[in-house]
Every structure is written in C-alpha cells, then in structure tokens.
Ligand SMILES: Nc1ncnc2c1ncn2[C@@H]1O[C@H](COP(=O)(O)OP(=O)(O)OP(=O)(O)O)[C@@H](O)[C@H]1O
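A single chain comes next, written as structure tokens; it is the form predicted on its own.
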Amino acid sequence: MQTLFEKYRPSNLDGVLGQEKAISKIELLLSRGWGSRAWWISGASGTGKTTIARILAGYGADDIYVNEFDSADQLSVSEVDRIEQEMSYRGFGKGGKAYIINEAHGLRKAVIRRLLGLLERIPDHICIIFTTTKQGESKLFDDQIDASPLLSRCAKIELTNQGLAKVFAEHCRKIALSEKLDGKPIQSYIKLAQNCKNNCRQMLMAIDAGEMLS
C-alpha cells in the first residue's frame, strides 16, 4: 500500500508547491534543452528535492532508463565507470537516460574526482541529478572535500523552506479530506506544518497515522 506522500507526489512541475522561483529557473533551463546537463538540487527535507529530480528525469527518459541511488554512499568509482559506459548508448522511447544521486553530500573524494571528468562530457541524451540538503552541501566543504569544481559543473537549484506552512497546510488538508482522515481546522494543519518544519512528507505521515482525526 502506498503512503500518502507517494500517492500524492506531484507528477509535473506545475504540481510542485511553494517553489515558484526554483521552478521558473528549471523551466528556463529546460527550454534550452534537457540533456548534456547535470543538476544540483538542494533544500530542506520534505520540500520537493527528489520529486523535482524524478520529474526532471522523466522529461527525457522513460522510467526504465532512470537510475536512482537512494544515497551517494551507493555510488562507487566502479559504479561511475559503469555509468560512463552506459552513457554511450541511447535509451528507447524518449531516447534519454537519467541518473539521480540522492543525499549527494555523502559523495566520497575518489568519486568526486571521477565525476569531474564525466561531467565535462555529458552527451545530449544524458541527464545527471544530485540532491542534497543545504546542511549537507556545506558539509562537503567542512570535510575538506573540494566540491567547488563539482558544483561549478552543475545547474544549481535551491529550494526554499520559507513561507510554506500555509501552502502545505492547505494541500495536506485537502488530502486528509479526500482520504477521510480530517477532523481538525486549518489552523491545526498550519501548526502541524510548523512542528514538522515545513516537511510535507512528515506532515503526510502524521496524517496517515490519524493525527488529524478529531
């Protein structure tokens, strides 16, 4: 059974809430082409990083050609070598291939060094997407990993965590109503958003557990 967060995850950029500035930048970049690009998406947990990454991947690649790593810890030098070999061949359908590396702040020095060369020559049918928290992004530098060359090769998209409480509260209440899990006024949903630090995934998990039933 799907969680509410997965069931109601946006399938297009229009469905992403509270990130108008970031979405405008993404749409501008997409108007110039999908492939030959690496993206670096940073933001707080539950604000839409992975959702946006999957939507981006779907612009040019069918699901079977979207490879997602739940954590950068899964990305070894040999895995990067494999990706480079795969990049030589187009996919069927839309023709593209996409690679999503979540929790990119876990990238190891050797992997970063290997990625630098790969990102210099991304074919026009390939899209590579990194996601991380802002805290995680800064941690790359705290650990004395020179991440500047890596970031300079990516289109940086920063998601905001400001002004989301009401937007997420209204969105989550609509879902709660449709799932018959609502029993409280909108103010309770705003308080839930504040308690969850504007983490929409955490809010929906709380609703799924019946916390908004009266």
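Here the structure is a predicted model, which means the values were calculated and not measured. Residues carry their position along the shown sequence, with the first being 1.
Quick note: we don't show the form predicted together with this ligand, though the next part is all about it.
Q: Check residue 44 for me: does it contact this ligand in the model of the complex (non-hydrogen atoms, 4.5 angstroms)?
A: Within the cut-off, so yes.
Q: My question is simply whether residue 60 lines the interface with this ligand in the model of the complex - judged by any non-hydrogen atom within 4.5 Å.
A: Residue 60 lies outside the contact set for this ligand.
Q: In the model of the complex, does residue 50 come within 4.5 Å of this ligand, counting heavy atoms only?
A: Residue-level check for residue 50: yes, a contact with this ligand.
Q: Is residue 192 part of the interface with this ligand in the model of the complex - any heavy atom within 4.5 Å?
A: Contact with this ligand, no.
Q: Answer yes or no: in the model of the complex, does this ligand come within 4.5 Å of a heavy atom in every one of 39, 123 and 128?
A: No.
Q: Picking from 178-186, 149-157, 30-38, 164-172, which part of the chain touches this ligand in the model of the complex when contact means heavy atoms within 4.5 Å?
A: Correct option: 164-172.
Q: If we check this ligand in the model of the complex, which of the residues in 87-114 reach within 4.5 angstroms of it by a non-hydrogen atom?
A: The one in contact is 103.
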